[in-house]
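For reference, the chain that follows is the form predicted on its own, supplied as structure tokens.
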């Protein structure tokens, strides 16, 4: 797939949570093809401590409005600078990068999409893709509390949404792998993105039930092209760069102790 280095214009800036910013970017030309689960590398201007580009998951591609959405958690100086962007500003991206989630295997297949924290971001676009192509996605999303849940209305507009919160303020209390949905239903496959402990727990469940499962890794990816070796992950085939061979991997290809 062709890669681009382009300045996109900020069309909208939203703050769904005090710790997050949603940037909606557009271009004078139609946006190129992008696959659910791919990511971009963002150049951060005006941040002396941010030398390298920052990898950000593609949250959603709005073809009707020719917009690329990036849901960004403010964790350091670089992401804080991104949160200060205004409508009309330019943001330089290298995109689309990496390999995305699996395509639809068969019509009507039931796919569980599990996300935690900012890991829910790529699942929005993937869920829409699955629905549009004849699959039946189901979302299972986890957060610390009700206030930490992101884009709930958007997820619910696509497919059923089940929720866990650690404090029980929304949905079922506990972690995603403790949700009763996993006891009541079986799925044709599972796709996961979020903190590594959560992904490993879901991978254990998938192994125990014999359910195919893929995970989207969040290793630090400085270049996005496999050159800097920041994001190396050990797999059954040897060490690979997550930015080039992933970020999505079949759990059977990883050396996780599950």
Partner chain sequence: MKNPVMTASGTFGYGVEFADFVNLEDIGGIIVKGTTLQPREGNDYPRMVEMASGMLNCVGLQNKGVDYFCEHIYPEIKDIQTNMIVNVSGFSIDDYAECAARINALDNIPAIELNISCPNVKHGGMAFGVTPEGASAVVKAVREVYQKTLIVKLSPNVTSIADIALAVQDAGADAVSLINTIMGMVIDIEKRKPVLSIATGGMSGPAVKPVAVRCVWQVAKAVHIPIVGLGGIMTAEDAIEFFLAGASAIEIGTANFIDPTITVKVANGINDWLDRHGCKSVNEIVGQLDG
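Everything numeric in this text was worked out from a predicted model, so none of it was measured. Positions refer to the first chain, counted from 1.
There is another form of the same protein, the form predicted in complex with the partner chain; it is not shown, and what comes next is about it.
This chain appears without its partner; in the predicted bound form, the one residue of 200, 31, 35, 232 with a heavy atom within 4.5 Å of the partner chain is 232. If you check the partner chain in the predicted bound form, you find a heavy atom from every one of 2, 54 and 219 within 4.5 Å. Proximity of residue 204 to the partner chain in the predicted bound form falls outside the 4.5 Å heavy atom cutoff. Contact annotation for residue 189: none of its heavy atoms lies within 4.5 Å of the partner chain in the predicted bound form.
Within this chain, residue 227 lines the site of the partner chain in the predicted bound form, having a heavy atom no more than 4.5 Å away. Taking the partner from elsewhere, residue 94 is found to have a heavy atom lying within 4.5 Å of the partner chain in the predicted bound form.
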